[in-house]
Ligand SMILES: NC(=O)c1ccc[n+]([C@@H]2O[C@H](COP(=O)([O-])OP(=O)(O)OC[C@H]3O[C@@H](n4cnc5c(N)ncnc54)[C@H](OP(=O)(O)O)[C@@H]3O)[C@@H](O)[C@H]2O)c1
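Just the one chain here, laid out as structure tokens, in the form predicted on its own.
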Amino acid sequence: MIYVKLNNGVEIPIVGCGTNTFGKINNNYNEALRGDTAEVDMAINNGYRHFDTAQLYRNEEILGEGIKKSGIAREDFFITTKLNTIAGYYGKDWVQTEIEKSLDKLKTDYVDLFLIHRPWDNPEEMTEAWSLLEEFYNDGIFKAIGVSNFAAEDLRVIFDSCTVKPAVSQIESHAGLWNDDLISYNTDNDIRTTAWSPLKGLTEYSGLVVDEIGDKHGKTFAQVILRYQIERGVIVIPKSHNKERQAQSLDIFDFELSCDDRERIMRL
């Protein structure tokens, strides 16, 4: 595993495991929880120690239970979760309550990385929300803080008032939308980028290109795409309910893409 150092010195595994459908009936995002931790157990057994979840996913407790029963020390895991701001912001007491709920569900007294899940159209509220995250960070409850789905203009709202700069910006980045400009902006501001849904976006043509590159290296299309992302310093959080595909997403550290490979992938 490669570890990436954040702007506050915290290290994060460059490959993590997405979880938004874990523990749900029919592996369906909108369904209720099944009551088991099968996918988390599988991922831990495959070697994952970095997990990405969110209040919005309604399954933080699945991750918390899976980690607890693994018998592996909490400090060996890197847990990311997110404040559910999809419907907006409801004030300081709401933030406090939601964070306490997350800690309880995750069965932990700290979170390695806590993100604001989505910006909303109220700069004053976003500034207040960020200042609250800074308080939890300064108290050691969050080891690092950041944002998700923030464009450059949203980040500038945070920059204008923050005393703790975001460590991570989690954004959409895949073969259908590499999002190079925003990744460059994050990098220029000493913010690490995490790509959500990193394996989306392949067309019939781009799939053939990636398969051809994969055949050359003895790797799957998914391994090629993930390798491309990490070679440009992007953290990835692929998700799978399949044991073999989970393992394959971790098996990307024994090959390198050529300049020609990267050029072809970049043009997809």
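Everything quoted here is computed from the prediction, not taken from an experiment. The first residue of the shown sequence is 1; numbering continues from there.
Keep in mind the form predicted in complex with the named molecule is missing from the figure; the text below concerns it.
K.L.:
Within 4.5 Å, heavy atoms only: does residue 148 come near the named molecule in the predicted complex?
P.N.:
Taking the distances in the predicted complex, the answer for residue 148 is yes, it comes within 4.5 Å of the named molecule.
K.L.:
So in the predicted complex, does residue 239 come within 4.5 Å of the named molecule, heavy atom to heavy atom?
P.N.:
Contact with the named molecule, yes.
K.L.:
Might residue 18 be said to contact the named molecule in the predicted complex, defining contact as any heavy atom within 4.5 Å?
P.N.:
Residue 18: contacts the named molecule in the predicted complex.
K.L.:
Using 4.5 Å between non-hydrogen atoms, is residue 52 touching the named molecule in the predicted complex?
P.N.:
Yes, residue 52 lies within 4.5 Å of the named molecule in the predicted complex.
K.L.:
Which one, 74, 165, 105, 117, lies within 4.5 Å of the named molecule in the predicted complex by heavy atoms?
P.N.:
It is 117.
K.L.:
Out of 106 to 114, 192 to 200, 121 to 129, 176 to 184, where are the residues with a heavy atom within 4.5 Å of the named molecule in the predicted complex?
P.N.:
After filtering at 4.5 Å, what remains is 192 to 200.
K.L.:
Within 60 to 88, which residues have a heavy atom closer than or equal to 4.5 Å from the named molecule in the predicted complex?
P.N.:
Stretch hits: a single one, 82.
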